[in-house]
Each structure stands twice: as C-alpha cells, then as structure tokens.
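So this first bit is one chain, no partners, the form predicted on its own, shown in structure tokens.
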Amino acid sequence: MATKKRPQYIVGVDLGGTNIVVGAMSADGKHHHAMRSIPTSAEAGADGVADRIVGLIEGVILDTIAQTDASRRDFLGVGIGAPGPLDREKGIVIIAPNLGWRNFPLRDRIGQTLGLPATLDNDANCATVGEWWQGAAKGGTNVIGMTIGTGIGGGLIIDGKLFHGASDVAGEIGHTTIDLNGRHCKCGNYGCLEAYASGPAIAVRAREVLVREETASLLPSLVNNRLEAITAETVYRAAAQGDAVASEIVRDTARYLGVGIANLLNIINADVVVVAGGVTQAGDALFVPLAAEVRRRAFRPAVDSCRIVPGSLPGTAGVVGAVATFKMQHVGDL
C-alpha cells in the first residue's frame, strides 16, 4: 500500500516600505494558512528589519503547524518579495530608496538564519505574479502589474512568463518619467510617476493645495487640522464624501497613472493591466478617469484588447506571488 504523501508548505514574505506581511501556503497553492503582519520599522536598519522578518516567519511556521499536522520538515522554503532593484542571482537588494538600503544580502540573511532555502524577487513582481496566479489577472498572457503604496512598483508577464530583463530591473514602472522637469523622486531622478501617484505623493499634493489655496475642504477636519497627518487614505475618504479638493487630487492621480499605463500599452500590448495597493480604495473615482486617460493616449487596438482591473487579492498578492516565485525556481511551473 502506497504511503500517502505529506502536504508541503511554502512561506511567502512581502516586504514593503510600511509593513511586512508573511503567510504560508500549501505548495499546490490551494490552501492559505497563517498570516502575520507588522510595521517595517525601516529606522531599525537592514539587519533590524531582517530580524523582524525572521521572527514573523518563525511565527507563521508555528501557526501553520498548530493549524495542520505539519512539521518543520514539511516547509520547502521561503519566497521573499522586496523593493528593488535587485540582483536575484546573488540575492541582494541593490538599492531600496524607501528603506534606505544599499547592497544588502537579504536572501541569504533570511535563508541561513532559518536553515531553509530562500528566493528573492522584486515585491511588485511578486504582487503581479500573485494576481496572475490566483487573482484578477488570472488567464492573462501579457500582463502589466502596478502596485501603488509607499512607492509604485511594477511587474511584467510576457507570453506567460515573468519578465526580469537583462539585469533584473524590468518593470520599474514607478521610475518612468512622465514630466521632464517634474518633481524630485527619492530615486534621485525628476518627474517619475512615483513622485506624483504613490501614496506619500498623493498626500503631499493634497497638503500643497491646502497651504497654497484658501479652499474649503474636509481634509483638515479629518486630521484635527494637523496637515502633516494627511495620508492618501485621508484623501480617498474625503473624496468619497464629495470633497472638491480631494476629488481633484484623485482625478489628477488617475490621469498620471493613465499616462503611465498608456505608454506601457503602446509598448507591450498587454491583455490585462492589474492595479493593486491602497489606491484601489478610491474605486470608480480613480478607475473611470484612469481608463479615460488611457483611451485618450494609447492606440485604439491596444486599448480594445486590454482590460484594466483592480487587484482582487488586497493585502495578500505579494505573499501569494512570493510563494509562486519560490515554487517556479525550486519546484517547477505553477
């Protein structure tokens, strides 16, 4: 009588500028298990953040063991999604502007501490793969993923395969230029999409309007008149309540994103664009003008063959994709 094969598990890590999210999945992707999240605390430095990641992973492994009949030997390894650019072959974060990291060997730091195999890929690549494997982009062949949070990341799936480029920097959509002489970006360039439409950039533009113009707005009252406390989420809430200033900020954000997506559609001719992250809280207030801007700027055949959708795995796409990238490297195709 054949021995029943024990289930195996993979841990996924989504490292962001604001939060770290870690979860475990069965290796076949059918079952999601423990999930934990804590603030990134970038001020702790790269080693301090790595220690936080290790602690979360250990907790998730213990949670999964408690939920199932698994043992530690049933865990195949850890997939890590981190801000880039990266050297995937060496497992190094080359530069992470929102974390202040340079040349940090994150993969080996995590894997060697845990005694488990580990892989490293761009966090936005992971989010894109997650949405493609199990979310809103499922079934797509040529997919553009955009993840909007502390920064703007991107991922590209071309002919059904994750595209990394010659040196692992493919998909850095947030650092494409939309204004030649525009706002300064944390990457050092000027006019990057991220400098206009990331979460912090949305908040900055809102504060600028309130300081520059004497316009009635709900925004100050939502933060007890502490303008420095305004976040992108504050802007979305005010816009949902009909605030004119916040609504205009959301419309401008949609137009900036529409410009970036139109450029990419004319280059890649994708069949799906999936937009994930906190910005999706704005709903139709964002997606309707965004789609209109894309139609205005991209070639008609490219627009007609593409659907632009919000991500359907809020908070988990990066974890799911990190599991998927580990699986693709160590187990085989999805």
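Residue numbers run from 1 along the displayed sequence. Just so it is clear, the structure is predicted and the values come from calculations on it, not from any experiment.
One more form of this protein exists, namely the form predicted in complex with a further copy of the same chain; it is left out here, but the text below deals with it.
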| message | What I'd like checked is whether 32, 42 and 121 together line a further copy of the same chain in the predicted bound form, meaning each has a non-hydrogen atom within 4.5 Å of it. | response | no
| So which stretch, 276 to 284, 22 to 30, 302 to 310, 49 to 57, is the one near a further copy of the same chain in the predicted bound form (non-hydrogen atoms, 4.5 Å)? | 302 to 310
| query | in the predicted bound form, does residue 61 have a heavy atom within 4.5 Å of a further copy of the same chain? | reply | no
| message | Under a 4.5 Å heavy atom criterion, is residue 38 part of the interface with a further copy of the same chain in the predicted bound form? | response | no
| task | May I ask you to check whether residue 161 falls inside a 4.5 Å heavy atom distance of a further copy of the same chain in the predicted bound form? | result | yes
| query | Using 4.5 Å between non-hydrogen atoms, is residue 112 touching a further copy of the same chain in the predicted bound form? | reply | no
| query | Of 217, 177, 247, 231, which one comes within 4.5 Å of a further copy of the same chain in the predicted bound form, counting heavy atoms only? | reply | 177
| note | With the partner omitted here, the residue among 205, 255, 186, 107 that in the predicted bound form has a heavy atom within 4.5 Å of a further copy of the same chain is 255
| task | Select from 162 to 179 the residues with a non-hydrogen atom within 4.5 Å of a further copy of the same chain in the predicted bound form and write them out in sequence order. | result | 163, 164, 165, 166, 167, 168, 169, 170, 171, 172, 175, 176, 177, 178, 179
